[in-house]
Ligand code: RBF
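The chain that follows stands alone, in the form predicted on its own, written as structure tokens.
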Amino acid sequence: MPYPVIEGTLESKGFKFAIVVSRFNAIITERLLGGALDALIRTGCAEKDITVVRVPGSWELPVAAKALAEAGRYDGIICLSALIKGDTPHFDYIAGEATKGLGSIATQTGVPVAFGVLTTNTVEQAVDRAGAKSGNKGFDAAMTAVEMANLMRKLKAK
């Protein structure tokens, strides 16, 4: 191969992760949390290297994620929440601001922030994405955090 390729792996042994999970729509977010924990343990992360932080809702995810990223103790942060569209534009405001806030934290701090925020039209869609027929997006977000933590470590070492 004429050029170097740098990519992360799905190995989390020796890495520290924080999971920020919202209590709002807990019937969904607890399933997302279970999926994220499963992914971290399966990839080798020790339970002692995982911190779970609970926040009221999606709006509060960015402030908690920023504090965790700035603390410098975590290789990756996984944010989990579930927003279900209602009859008012509230959903759009919260989803947009949570998305912008989390993306901004990752780029400002260099700490990977994995986006496990469901934005669905119905409860059924949320259930499907939290462990039913569409997989578990908490698991997927944790796998992204593991890969990105690995990648960032490699990039910083180069």
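Throughout, we count residues from 1 along the sequence that is shown. Since the structure is predicted, the reported quantities are computational estimates derived from the model, not experimental observations.
One more form of this protein exists, namely the form predicted in complex with riboflavin; it is left out here, but the text below deals with it.
Is there a non-hydrogen atom of Gly57 within 4.5 angstroms of a non-hydrogen atom of riboflavin in the predicted complex?
-> Gly57 belongs to the contact set for riboflavin.
Non-hydrogen atom contact Ile77 with riboflavin in the predicted complex at 4.5 angstroms | No - in the predicted complex, heavy atoms of Ile77 and riboflavin never come within 4.5 Å of each other.
Might Ser12 be said to contact riboflavin in the predicted complex, defining contact as any heavy atom within 4.5 Å?
-> No, Ser12 sits far enough from riboflavin in the predicted complex that none of its heavy atoms falls within 4.5 Å.
Would His90 sit within 4.5 Å of riboflavin in the predicted complex, counting heavy atoms only?
-> Yes, His90 is a contact residue.
Partner-facing stretch of 123 to 131, 107 to 115, 33 to 41, 58 to 66, counted where any non-hydrogen atom is within 4.5 angstroms of riboflavin in the predicted complex = Looking at the partner contacts, the answer comes out as 58 to 66.
Those residues of 92 to 116 which, in the predicted complex, come within 4.5 Å of riboflavin by heavy atom | Heavy-atom contacts within 4.5 Å come from Ile94 alone.
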